[in-house]
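The chain below stands alone and is given in structure tokens; this is the form predicted alone.
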Amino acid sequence: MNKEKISDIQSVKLMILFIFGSTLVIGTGGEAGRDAWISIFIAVILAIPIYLVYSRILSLFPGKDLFEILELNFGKFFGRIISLPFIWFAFHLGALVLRNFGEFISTVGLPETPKIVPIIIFGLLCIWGAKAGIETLAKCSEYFIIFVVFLLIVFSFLTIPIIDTDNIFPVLGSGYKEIMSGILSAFTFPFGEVVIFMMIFSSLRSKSSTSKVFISALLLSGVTIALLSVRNIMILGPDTIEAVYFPSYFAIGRVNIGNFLQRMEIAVTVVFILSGFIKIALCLTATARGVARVIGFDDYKILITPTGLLMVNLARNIYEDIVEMFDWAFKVWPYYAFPFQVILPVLIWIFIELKQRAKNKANTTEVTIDDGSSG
């Protein structure tokens, strides 16, 4: 396969935009109500150990992605079998985000337009991005992140006159059960989804800083999402937050300064388009790389177009309507995604560590025998 290289800072920016994805529009941790921001902060802390597991697996095999690592440690046959659930997860996640985009556009912008239209248009754009390669996506992220951060800061300042700090009190008033549900929800969406990067991070130029890339992106994006959650709660209130599908869109939509600055919610759409494009393109890249590895193709890019079209088709048919989409996102996804994000990676990591330890022990014994015989 072609080896593409990206820098650490590009990797961090890619990961931040990936984590933002559809999270800034849909929100996360909503089960905790006004305490959603607490759930998000705790989810960030709990994500640190699993990110270290991801980075440890990659750092043990520099220049290899997850699919290559599985073949090296489990053999070609079993390695490819274990690769299949990760390939499905990347493919499924890309389709889910693509459908999120279609529902968002249909709900807030083009209600009379069939959902398949924005899904196809955005899907073709993501196919183009994935075919352009990880290096091109990384370069795009350098510009996208500036624009996204600028919009987030500017429009957060514009909402200051309409915030009501009373909306976040009483703290912990939602109940511990709801906060725990919010933690699981925030952990699996979006932080645990970063498992996708194990499938594409053979591209890092610096092999010694994988953990720094993962943790830096986690902290920067996690704090941002938590603060935006606080902002939305203070603007809309907990009752409205639970009643709307896209809290950031409606929060920004309330900005009205002197009847001059209004209808600013278009900024949310721009943020979604930029970050969603990166997320779907990376999911498509991970899927194509995995499929290429399993079937023995040298160049994954020839599989991107057919895989992307299949992703568009799945996105079209995966839900009946927006209600089903949100029921899946908050009631099913946390339990569905957890094995892909935590259980499988941890089991793989344990197996690799034990194998590496046995290998090192065998090498040490061999060296000792050689020294003794030479003496």
Partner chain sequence: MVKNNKLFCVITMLICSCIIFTGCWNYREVEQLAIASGVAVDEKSDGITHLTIEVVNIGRDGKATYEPKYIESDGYTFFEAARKAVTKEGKKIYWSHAKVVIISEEIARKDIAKYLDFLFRDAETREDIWLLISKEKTAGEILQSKGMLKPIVSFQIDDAMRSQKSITRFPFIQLYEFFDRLFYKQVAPILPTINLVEQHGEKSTHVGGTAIFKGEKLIGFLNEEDTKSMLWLRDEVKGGLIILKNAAGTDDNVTLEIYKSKSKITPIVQEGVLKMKVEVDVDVSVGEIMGTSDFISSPGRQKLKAFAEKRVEEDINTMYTLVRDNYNADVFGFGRNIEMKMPDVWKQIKDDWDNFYAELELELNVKVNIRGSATTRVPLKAGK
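None of these values were measured; they are calculated from a predicted model. Numbering follows the first chain given and starts at 1.
Although it is not shown, the form predicted in complex with the partner chain is what the next lines describe.
Flag this candidate site as yes only if 59, 209 and 218 all have a heavy atom within 4.5 Å of the partner chain in the predicted bound form; otherwise mark no. No, because 59, 209 and 218 lack any heavy atom that approaches the partner chain to within 4.5 Å in the predicted bound form.
Which residue among 81, 125, 158, 227 has a heavy atom within 4.5 angstroms of the partner chain in the predicted bound form? Exactly one listed residue reaches within 4.5 Å, namely 125.
Of the options 72, 149, 117, 223, which one has a non-hydrogen atom that comes within 4.5 Å of the partner chain in the predicted bound form? Contact check passes for 117.
Where does the partner chain sit in the predicted bound form: which of 209 to 217, 73 to 81, 170 to 178, 190 to 198, heavy atoms within 4.5 Å? It is the stretch 170 to 178.
is_contact(residue 86, the partner chain) in the predicted bound form, heavy atom dist at most 4.5 Å: So residue 86 does not count as contacting the partner chain.
Contact with the partner chain in the predicted bound form for residue 183, defined as at least one heavy atom pair within 4.5 Å: yes or no? Flag for residue 183 set to no.
Answer with yes or no whether residue 154 is in contact with the partner chain in the predicted bound form, where contact means some heavy atom within 4.5 Å. The answer is no: residue 154 has no heavy atom within 4.5 Å of the partner chain.
Could you tell me if residue 294 has a non-hydrogen atom within 4.5 Å of the partner chain in the predicted bound form? Output for residue 294 is no: heavy atoms all beyond 4.5 Å of the partner chain.
Within 4.5 Å of the partner chain in the predicted bound form, which residues of 11 to 27 have a heavy atom? Give them in sequence order, or say none. The stretch 11 to 27, when checked against the partner chain in the predicted bound form, contributes no residue at the 4.5 Å heavy-atom cut-off.
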